[in-house]
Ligand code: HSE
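The form predicted alone is given below as one chain in C-alpha cells.
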C-alpha cells in the first residue's frame, strides 16, 4: 500500500488564467492505493456523498487507466468539492503520485502532471494543468503547452471558502470571449509583476500582480458577497485579493502579521451578506507527499 497527501491549490491567481497555480499548506486530500485486479474506489470525508465511486466518473479512475495501474483507491477528502481549491485536482494528483510509486512506473513529477490532468477532465470537461501542477510539484507553477515551470515560493495566504457552490462548468461558461488591447497589456504586466514577486517571496508584488479586469469580474457575479469580502480583506491589510480557481473560495495574499485580521474580516464580510464561511490561514506549500 502507498499513501499520498496532496494539497489544495489555487489556480489563475487573477492575472494568470489557466496558467498560474500555487499549492496551499492546507487543506489536503489523502489517498491510499493498493494493487488490485481492477480499479475500485472508496471516498470518505468532506463532500464525499457527492463524489461518484464509479472509476469511469471519478478523477482517480482516469488516472489509474492512464498509468495502466489497477488498484483499490481510498480517498479521504479534506478539500470540499466545488470549492475553487482544486478538490478534484488534489485527488488526481495524489493518485498519480501514489500509483506511480506503487507500480514503479518511474515517471517524474513533471511527467505525472498531464496524467493527473486527464483525471481533472472528468470533472471540468477539459484537461487543465493549472491545478494539478502545483498539487504535484508544490510552490508556484506556470503551466503552458510547453510544460510546467516551478518556483519554491513562500508567501502567506488566507483562503476563505463560503458555503455556496460554483460549478467549474458554470465558471468557464461566463468567461468573456474577447478582451481589449488595453486589457491584454494590463494583464500581461500584472502577470509579470506577480511572477517577479513569487521569485522574491514578496507579498506586495504578488498582490499587485493579482489584479485582473477580464475573467475575475465575470466570475465574481457568481459569488454572493465577493466585492464586500474583497474590500474587507484589503482594508485589513491584504496586498491582493482574487477568486481562487473557479470559485467560490476567495484568496488573499498578505504579510504574516496581518493573516488573522484578514481572516476575521473575510468571515465577517461573508456573514454580513448572509453567507456562512470557513477560513484557512495558510501559505504556499509543498506538493504531493508520499508516506
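Residue numbers count along the first chain shown, from 1. Keep in mind that this is a model prediction, so the values were computed, not measured.
From this point on, the text means the form predicted together with the named molecule, which you will not see here.
Stretch-level contact check against the named molecule in the model of the complex with heavy atoms at 4.5 Å: of 257 to 265, 45 to 53, 27 to 35, 243 to 251, the positive one is 243 to 251. In the model of the complex, no heavy atom of residue 212 sits within 4.5 Å of the named molecule. The named molecule is not shown here, and in the model of the complex it never comes within 4.5 Å of any heavy atom of residue 22. Although the partner is absent here, residue 77 is not a contact residue: none of its heavy atoms lies within 4.5 angstroms of the named molecule in the model of the complex. In the model of the complex, none of the heavy atoms of residue 280 sits within 4.5 Å of a heavy atom of the named molecule.
For the partner-free chain shown, 11, 12, 17, 18 of 1 to 35 come within 4.5 angstroms of the named molecule in the model of the complex, judged by any non-hydrogen atom.
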